[in-house]
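The chain below stands alone and is given in structure tokens; this is the form predicted alone.
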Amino acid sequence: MSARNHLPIVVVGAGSAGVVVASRLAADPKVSVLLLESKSELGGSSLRNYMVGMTGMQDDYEWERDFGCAGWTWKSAQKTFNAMPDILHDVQVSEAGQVDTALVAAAIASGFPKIERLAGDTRSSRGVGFCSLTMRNGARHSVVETYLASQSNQTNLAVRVNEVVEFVVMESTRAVGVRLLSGEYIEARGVVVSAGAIDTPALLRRSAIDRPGIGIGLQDHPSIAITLALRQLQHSSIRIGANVRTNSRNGNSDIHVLSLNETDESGSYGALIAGVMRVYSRGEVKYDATTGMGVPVFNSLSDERDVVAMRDAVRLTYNIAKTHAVRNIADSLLSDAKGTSAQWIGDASDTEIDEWALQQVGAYSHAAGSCAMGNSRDEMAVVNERAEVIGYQDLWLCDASILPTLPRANTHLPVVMVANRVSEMLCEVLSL
């Protein structure tokens, strides 16, 4: 065994992916792991998201076929999804918020089939159901509880918070450690960067890693809300509890309508959120050399296919919002933060909806694809099918940045699936 094998694997970033990777690697007592987090809390988006656990559709994961990523198929993804220990709670009618129940009733009245555990249904292109959430006993269950807690007694796993990594230290093309903003140098057997779709490409640029695809291909699910002025105040521990899935005129399973029980702390407003889930628009993470930070430019709705799908999503959402089930809980429907009535949508032209959508479009906070996985011969791919940065050694990426395309789902569970698969590959390499 070489002297380097006694050094730790440094995992940069303790979000949903980083926590999984660190925990899975530390399960091998022969592997030393150091997990670094720049903020004071571990768990990343799993501490702040709306807890929606969703798989997406089967052909979201045919990356071998679509991008040349050998071994990344739906069959392999399904095996990992099924083996994951993640806790999912199916929202019950008795605990759902009033917007949740109204959305389900409205969709059923509009002809959508009710699907139990819609979040795990990877085949049905059209349906409505209550969500599955990363909850246990009424409380959020993050990756910290699911993965890291079981490793709390492991002497080969160290965790440090409030530690900002300035850059990965390279010897030629091999990662040999990290330099912290404090100036401390940590020597490493290898480095796994799990800093997220915005910060990972920035860290690579600060580390003088040279791949033309770094920061390119940034994606997010574009979304637009129709706000509901509620008749009764709503205070629910479940922020999002129901979902409609359907097809745009040119797509398949590419529209979601989600219920949002509360839009602010007052409990006076809820919303129906129209989302486009199959995304063709691409942006980038620009690098600010002065600050060393990444600046995301999403270019949402820059592709005409997304514009058309969003138009269909808006019309569907408005039609659902007009139903008796929704109007029974809402005094009025609003189309912007100024309180403009959404009634105009019913008679609006395609152009009017498109122009409004471009002004109102927001993001799902599902940033991905900025350091995409691909075939090693693809110069725009940043990592290969083993999550190794192409052209470099002992340097891996594992977070939403390596997704070559967004699944038609909230990204938490897909990212955890990827982290579990990458961890298995790393364990094989590190055991040699």
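Keep in mind that this is a model prediction, so the values were computed, not measured. From 1 onward, residues are counted along the sequence shown.
The next section is about a form of this same protein that is not shown, the form predicted together with a small molecule.
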*State yes or no: in the predicted complex, is some non-hydrogen atom of residue 22 no more than 4.5 angstroms from a non-hydrogen atom of the small molecule?*
no
*Does residue 400 reach the small molecule in the predicted complex if we count a contact as any heavy atom within 4.5 Å?*
yes
_My question is simply whether residue 242 lines the interface with the small molecule in the predicted complex - judged by any non-hydrogen atom within 4.5 Å._
no
*Could you confirm whether residue 196 comes within 4.5 Å of the small molecule in the predicted complex, counting heavy atoms only?*
yes
*Heavy atom within 4.5 Å of the small molecule in the predicted complex - the one residue of 405, 32, 384, 45 that qualifies*: 45
_Single option in 393, 375, 58, 38 placed near the small molecule in the predicted complex, where near means a heavy atom within 4.5 Å_ = 38
_Partner-proximal stretch of 22-30, 384-392, 62-70, 49-57 relative to the small molecule in the predicted complex, 4.5 angstroms, heavy atom_ = 49-57
